[in-house]
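Below you'll find only one chain, the form predicted alone, shown as structure tokens.
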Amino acid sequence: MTTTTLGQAPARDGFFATTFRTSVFPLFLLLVTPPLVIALWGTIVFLDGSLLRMLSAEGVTTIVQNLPAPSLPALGIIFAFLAFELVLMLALPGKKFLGPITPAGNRPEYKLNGVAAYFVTHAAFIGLSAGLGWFSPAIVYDHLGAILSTLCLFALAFCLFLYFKGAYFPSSSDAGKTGNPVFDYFWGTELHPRLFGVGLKQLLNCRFSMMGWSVMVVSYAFKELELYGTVSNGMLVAVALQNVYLFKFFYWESGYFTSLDIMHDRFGYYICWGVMAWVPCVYTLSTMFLVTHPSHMAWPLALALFVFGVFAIWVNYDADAQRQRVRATNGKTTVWGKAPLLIKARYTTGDGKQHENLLLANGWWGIARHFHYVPELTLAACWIAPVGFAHALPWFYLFFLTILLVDRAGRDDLRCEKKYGRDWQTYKETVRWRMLPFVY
């Protein structure tokens, strides 16, 4: 989804194209994605992960007959985890970080303590469950259907709350309605909503969703152990790679606050419902499949997948680190042993003030303007690979992620073109390819 300035619906050439992007497509996603979450879970649990069975009359009947109802235990698990992460976010020590200047000239503030929260969260989950026996370490998998249905409904209602909050009680000047209620609910009416002083993007995107993702796959591994008395090396590879990736996410949390999700995507259904309901199901789908389909791979293959996946994580991290280092030092550093090739890009915020960013055009950023998405896709393929190729559905996350990142690269190019004007054209002439050289 492409936006122009905050408070305005995205502009497209032609009435029908604009209507599709601002009304038809958002409404389609609003209607389809919540039941799809439940259908994906039901297919993995009851239909052996078979896409063909899912689309058959028998499959539809099976899913409908086993629709998970929201439950109080599921609600308790959700709010206990959310409250725990909120306490960690507020109580653990961490330095303050000011995010990039917003289109209205504001600078959101964050507290960087994600690494400490990661260790405390996992130590508490494993210690209280497997160690002290307060609850089963497989608790997430055992209640997964109810958790997902509860999250779907709760997040829908919470997005409605955010719609009215942004319209009538905004946290900053980066807010406003477009006049299209479908688009406003879908895209959001606030860029950086806060509630009782708490930044909701950091709490829900980072601490609830991403931290929850890592705990979920650990719980899946415990469920496989409970069922079979052992954890397959395929499960070990999948869980280990995802947790290395997510640990890197929290180590690099300040970098995430300069990403497209945080800087320019408003906090509505697209982001808020997505991180609260879509991520817990879709992002863990292949690992969910491995619970009842143990993957006993040859150890050399398992090790190769892990090593290649970790290398992809490093490439993704190093690309982001290059850009951060160049901007933090105002270009007084080196990239791959050479002076950085920089393009000074000027822009004006909504308050009339002029600013300048440095666009890096060598190193990883000289390969393609969004090359860092390629190792992210490679990594996903590595942790999904243990599911094998008998069924396509466990690979759904990779298919979805490819569409998401290709679209995001296109949206970011359009946004940068509007923001930087001729300076972005100069950058595009220097770095020709958008994501993958000679392909896109």
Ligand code: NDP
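Note that this is a predicted model, so its numbers are computed, not measured. Don't overthink the numbering: it's just position in the shown sequence, from 1.
Note that the form predicted together with the named molecule isn't included here; everything after this is about it.
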query: Proximity to the named molecule in the predicted bound form (heavy atom, within 4.5 Å), stretch among 353-361, 215-223, 142-150, 86-94; finding: 353-361
query: The unique member of R194, H293, R327, K165 whose heavy atoms fall within 4.5 Å of the named molecule in the predicted bound form; finding: R327
query: Among the candidates D184, E253, D174, D320, the residue which, in the predicted bound form, approaches the named molecule to within 4.5 Å (heavy atoms); finding: D320
query: In the predicted bound form, L405 touching the named molecule (heavy atom, 4.5 Å); finding: yes
query: Contact label in the predicted bound form: E376 to the named molecule, heavy atom within 4.5 Å; finding: yes
query: The named molecule contact in the predicted bound form: S136, any heavy atom under 4.5 Å; finding: no
query: Contact label in the predicted bound form: W273 to the named molecule, heavy atom within 4.5 Å; finding: no
query: Contact set, 275-302 vs the named molecule in the predicted bound form - heavy atom within 4.5 angstroms; finding: Y283
